[in-house]
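Taking the form predicted alone, here's one chain by itself in structure tokens.
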């Protein structure tokens, strides 16, 4: 089987053996936004032609490729849902020469009954060895999911990553920021500030005034802003003293683990290949 995690900006694919072992992997900057004229079939052939020509006849796709802007919109599956529910709700995609199916996204309601959606993260969570607990998937739209008996029971989304990018590039806060490596002391300072009284919008303006007062270096202000946003996110999302499984690239995972510990929780960083494991497990269930 071929499994593909096809997001907005990236394309990652794996070839699996009959036992679910990874036989090959590849990645390319061929996310859905790069697909001209909606010709997703051509991109799939371009990236996986050798595997298809080698006899693979089953392809499982996950991520934003199943969104309204993707190849085919896959309806959201309501929570609670796990591998069994995902496997029985796969959406077939017309493709000559192979059986292609899409993993549906998930929908839920937050604690105030406002709709929530995810696409792609459900497959990563399916790849975790997590029967019960909290999973955090940081990113542009960070997801915090509660897993019960191996199924995603509920989740909430935080706009932290995209907010950081927008605040840095399109507001007055970014005008005083200079590029540089992550400043952990400044990040910790932002975390601490997020735990103090006051609304996030008030705390954000402090990024500028601390700089104006000479109390925050231009090279450190981006890290301070990151800590501020992550701190507010964790303060709202994480149950007290929770143990959290983080799915992210190593640098981002390390920052979240640091922030979780600072707020009294503990964290374990999952394998970066959680998406591959999830695809293999869902495919095994669907085609067994």
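Numbering follows the first chain given and starts at 1. Just so it is clear, the model here is predicted, and its values are computed rather than measured.
The discussion below concerns the form predicted in complex with a further copy of the same chain, not included here.
Engineer: Select, from the options 98-106, 170-178, 77-85, 129-137, the stretch whose residues sit within 4.5 angstroms of a further copy of the same chain in the predicted complex by heavy atom distance.
Structural biologist: Correct option: 170-178.
Engineer: Any of the heavy atoms of residue 206 lying within 4.5 Å of a further copy of the same chain in the predicted complex?
Structural biologist: Taking the distances in the predicted complex, the answer for residue 206 is yes, it comes within 4.5 Å of a further copy of the same chain.
Engineer: I'd like to know if residue 92 sits close to a further copy of the same chain in the predicted complex, meaning any non-hydrogen atom pair within 4.5 angstroms.
Structural biologist: Residue-level check for residue 92: no, no contact with a further copy of the same chain.
Engineer: Residue 229: heavy atom within 4.5 Å of a further copy of the same chain in the predicted complex?
Structural biologist: Because a heavy atom of residue 229 falls inside 4.5 Å of a further copy of the same chain in the predicted complex, the answer is yes.
Engineer: According to a 4.5 angstroms non-hydrogen atom cut-off, is residue 148 in contact with a further copy of the same chain in the predicted complex?
Structural biologist: Residue 148: no, not in contact with a further copy of the same chain in the predicted complex.
Engineer: In the predicted complex, which of the listed residues (217, 154, 163, 72) lies with a heavy atom within 4.5 Å of a further copy of the same chain?
Structural biologist: If I apply the 4.5 Å criterion carefully, the residue I get is 163.
Engineer: Using a 4.5 Å heavy atom cutoff, which residues in 262-288 contact a further copy of the same chain in the predicted complex? It's fine if the answer is none.
Structural biologist: Not one residue comes within 4.5 Å of the partner.
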